[in-house]
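Next comes just one chain, in structure tokens: the form predicted on its own.
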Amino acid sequence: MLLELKIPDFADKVLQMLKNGGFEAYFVGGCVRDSVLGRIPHDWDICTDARPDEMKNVFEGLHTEEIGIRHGTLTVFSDNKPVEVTTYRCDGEYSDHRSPDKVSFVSDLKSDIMRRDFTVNAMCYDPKNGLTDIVGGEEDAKNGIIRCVGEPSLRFEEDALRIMRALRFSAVLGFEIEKNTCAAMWEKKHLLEYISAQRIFSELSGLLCGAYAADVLREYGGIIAVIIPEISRCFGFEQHNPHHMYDVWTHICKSVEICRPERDIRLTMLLHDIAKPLCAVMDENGTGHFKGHQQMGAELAYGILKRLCCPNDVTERVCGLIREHDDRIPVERGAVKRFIAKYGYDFFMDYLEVRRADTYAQSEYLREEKLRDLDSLAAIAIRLEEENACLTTAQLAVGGEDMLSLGLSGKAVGEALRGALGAVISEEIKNEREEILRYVKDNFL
């Protein structure tokens, strides 16, 4: 049966412009793979025998970007949506294990297909002729297999980032990595050291958000350790503690599996216990303890994320969650108010999710009690938000001008406002103007 892709109008417009110009043109890569799998494609890419200058002429009336034009890629904007159009090509040597030193433009589709990474990404489609698949991509897609096009070792020698891409596809799609491809990944994993940190972080983020991320981490931790050597200490490190039933790495993998597939949360779970092997102490009863592992873990995570060129705001949030992940705050209104006042409501809810995932990845010892406390903390936070409880100086019933009218100035204004906020949070006083002013007079004048 002829495969029929549901092609959006903006992408079909680009394909038809090439065909009307007398050129071959096919949809290629992820959009075809996802369609074969019954998934909705997010990006539409086209390969063509049109050379870069010819493509420019074809799309003269549309907005285009030429960032990749040296390698034959022109980004065409159709109805304000991008479509990458690339000339058939053969790649030259890859001296940096990432990008070809030069490319040669060719006129036949087969040559272009044979330089691609995986069979599931090497299928082509055009509405008239249907699927073009000369490397068995459709069968591999239906059987759930990631397989290199051609010789796997050569593919990874050319571009070592393909190792991380294979792991990401496996984590997202749940595909098994074919044995020869898998063997080559382990053999060539050291080449990941040549890849830019930004590219590594992008692939790692996609991997962690996959539905099968934990399976990939468990099976390929030794490859991930090339880019995050700090995790290797966690492999097989037994915890010898009644709260735990797994070694540190297995615990980490299970915690990643349990939390929602959101990058910052999963980065937190990946790194939250990496300092445990460094902090481990065994008492006289043979019980393991890990005092200070959260603070040291946050410091290690900061260095790792900086090294991977993680955005600053993400780094700060992840490290903050790691620093607090083992802080069991009392189940009381004042404690919750102080925590939210320090970090914010959203951070508090993420903190609860981190603790919940951590708890489910532990032993059953006191699990119900721990989860019950987390539910109670969440209920308190929800009530505080519904009440619009005063947790910041901006929410106080007084402001800087009121402090000035009392005769305060400079740093004393901020100190008084912060002191009043602390009294409101602890419910020593109410968030009412006259009561706050009396408090300030009694304590700061």
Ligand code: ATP
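Only a predicted model underlies this, so the values are computations on that prediction, with no experimental measurement involved. Just count from 1 along the sequence shown to find any residue number.
Although not depicted, the form predicted in complex with the ligand is the subject of the following passage.
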Exercise. How about Gly419: is it within 4.5 Å of the ligand in the predicted bound form, going by heavy atoms?
Worked result: no
Problem set entry | Close approach of His289 to the ligand in the predicted bound form, 4.5 Å, heavy atom | no
Exercise. According to a 4.5 angstroms non-hydrogen atom cut-off, is Asp133 in contact with the ligand in the predicted bound form?
Worked result: no
Exercise. Does any heavy atom of Trp249 come within 4.5 Å of a heavy atom of the ligand in the predicted bound form?
Worked result: no
For this session: Sort through 24-32, 407-415, 49-57, 66-74 and report the only stretch with a non-hydrogen atom within 4.5 Å of the ligand in the predicted bound form.
Result: 24-32
For this session: Taking 4.5 Å between heavy atoms as the contact cutoff, choose which of Arg168, Lys276, Lys188, Arg355 touches the ligand in the predicted bound form.
Result: Arg168
Seminar exercise, completed: Exactly one of Lys337, His325, Lys254, Arg116 comes within 4.5 Å of the ligand in the predicted bound form through a heavy atom, and that residue is Arg116
Exercise. Does any residue in 38-58 get within 4.5 Å of the ligand in the predicted bound form, counting heavy atoms only, and if so which ones?
Worked result: His42, Asp43, Asp45
